[in-house]
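Before any questions on binding or motion, here is one chain by itself as structure tokens, the form predicted on its own.
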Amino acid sequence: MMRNPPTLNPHVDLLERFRACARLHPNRVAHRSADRSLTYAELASGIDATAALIWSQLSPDGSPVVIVGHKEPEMLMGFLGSVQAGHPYIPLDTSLPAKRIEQIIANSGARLVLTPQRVGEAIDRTPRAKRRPEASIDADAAFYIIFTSGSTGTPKGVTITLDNLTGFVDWMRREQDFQPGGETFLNQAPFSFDLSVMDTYSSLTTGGTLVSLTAREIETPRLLFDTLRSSGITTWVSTPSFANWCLAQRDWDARMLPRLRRFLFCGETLPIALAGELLERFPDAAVWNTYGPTEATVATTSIRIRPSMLSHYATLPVGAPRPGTRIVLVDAVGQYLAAEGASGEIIIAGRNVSPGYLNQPDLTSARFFDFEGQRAYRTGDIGHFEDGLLFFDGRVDDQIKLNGYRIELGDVESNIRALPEVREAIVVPVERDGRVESLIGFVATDVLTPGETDFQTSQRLRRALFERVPAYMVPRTLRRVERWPLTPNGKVDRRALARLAP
């Protein structure tokens, strides 16, 4: 016998925003993936059925529900159905190794795992009259939990509350002025990567259409660009690496995406050359650079990249903090740095900061703390301020030691990118017997010197680099690559590049 569910808290409105879109535009397409389209009415019905299933399976204890799949619309039903039933969700993509999925499920304490098939079965079996259980959820209750890599090899679950997410969605809507019902968002990242939160909830709370790219489409250029041509995308959300990968297609420009209004980038450094190429190919689209760790709800800073910035700065800024958020820099001993240009670890404080890691109180206390009355997070990222804007300078743990010298890999990469013909650069250490023996650099360049071999190109670029950095920072070789190997999240796969080292 089904219990009477509690009523929905009237102060919680993210789900109600979605329901309002479904009531006003039930036949509008909410989600497209592969050859499937789903209307707002169909999605709302699926959410109700999933919530009813969860309510019948779990006690109202707020335990997480794991949703495993790959870009299927049933995953969205699982996400919002879980929240509607009073449980946070954990999104896992099938591209993850099976052992890692098993490890996350075990570590999370989840007592229910849903797949697209099981959600579909719930829709078929649940009478419509029993599809609307709604649990109360407080603003500080967990909404979703994203698992990220842990330094010990054990993935850690970052808890994001309803208030965290609401603040992020409100900021994005105000800043980007999304047109209600008039936007089509690209979903490149898998739902297990928090970049997808940017496109998913910006779309579903404004009546937009979310277009998800599947792994098969991303891996098959013909399918990918056919999908993009017919997508009608107005808002492009991806990692810079994925956009850089698309640049190899010469007709990937405003003629392919005539409705495009903006690029939103997060998750990696946005190279100057990439931003410049995008501004040329898509002259009517704004290019936005954003920055933020998962622990601070997707993104914390943003800035629109103007053409004048490309020559003014050595690297592009990641912008200014969102309203209500503070960013401070600290040195190696925790002293706050106020001087312009001083480089230190980035500390984020504000409404957007997560309450911590799921079931890991020691790790939580090591990285999260109170800063002048606000929740704060030690990012492990290095940055500096210039002209009042934050610049990302790399990771604390990107520092390696080579022949006694301390080297920031991001420093080397930035100087390689500054060479005129280099579009992108990645530097990886070559290790032997547990120690760094040398560096190898991988570069993407659109300029080819006729008759020049790859070895000659490498030597020429290295000579130019010797003029910019000390000799010990110059990679042993610079190898040209046509296309970067990407992780399922759309970031450059550094491990794959490392395997190419001789």
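Numbers for residues come from their place in the sequence shown, where the first is 1. Given the structure is predicted, the values throughout are model-derived calculations rather than measurements.
If you look for the form predicted in complex with a small molecule, you will not find it shown, but the lines that follow are about it.
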query: The small molecule in the predicted complex reached by all of 194, 292 and 401, non-hydrogen atom within 4.5 Å; finding: yes
query: Option touching the small molecule, based on a heavy atom within 4.5 Å in the predicted complex, out of 392, 201, 385, 144; finding: 392
query: 409, 266, 273, 287 - the one with a heavy atom within 4.5 Å of the small molecule in the predicted complex; finding: 266
query: Which of 415-423, 392-400, 176-184, 95-103 sits within 4.5 Å of the small molecule in the predicted complex, heavy atom basis; finding: 392-400
query: Contact label in the predicted complex: residue 74 to the small molecule, heavy atom within 4.5 Å; finding: no
query: Contact of residue 210 with the small molecule in the predicted complex (heavy atom, 4.5 Å); finding: no
query: Close approach of residue 85 to the small molecule in the predicted complex, 4.5 Å, heavy atom; finding: no
query: is_contact(residue 237, the small molecule) in the predicted complex, heavy atom dist at most 4.5 Å; finding: no
query: Cα-Cα shift for residue 398 and residue 360, closer or farther in the predicted complex, minimum 3 Å; finding: closer
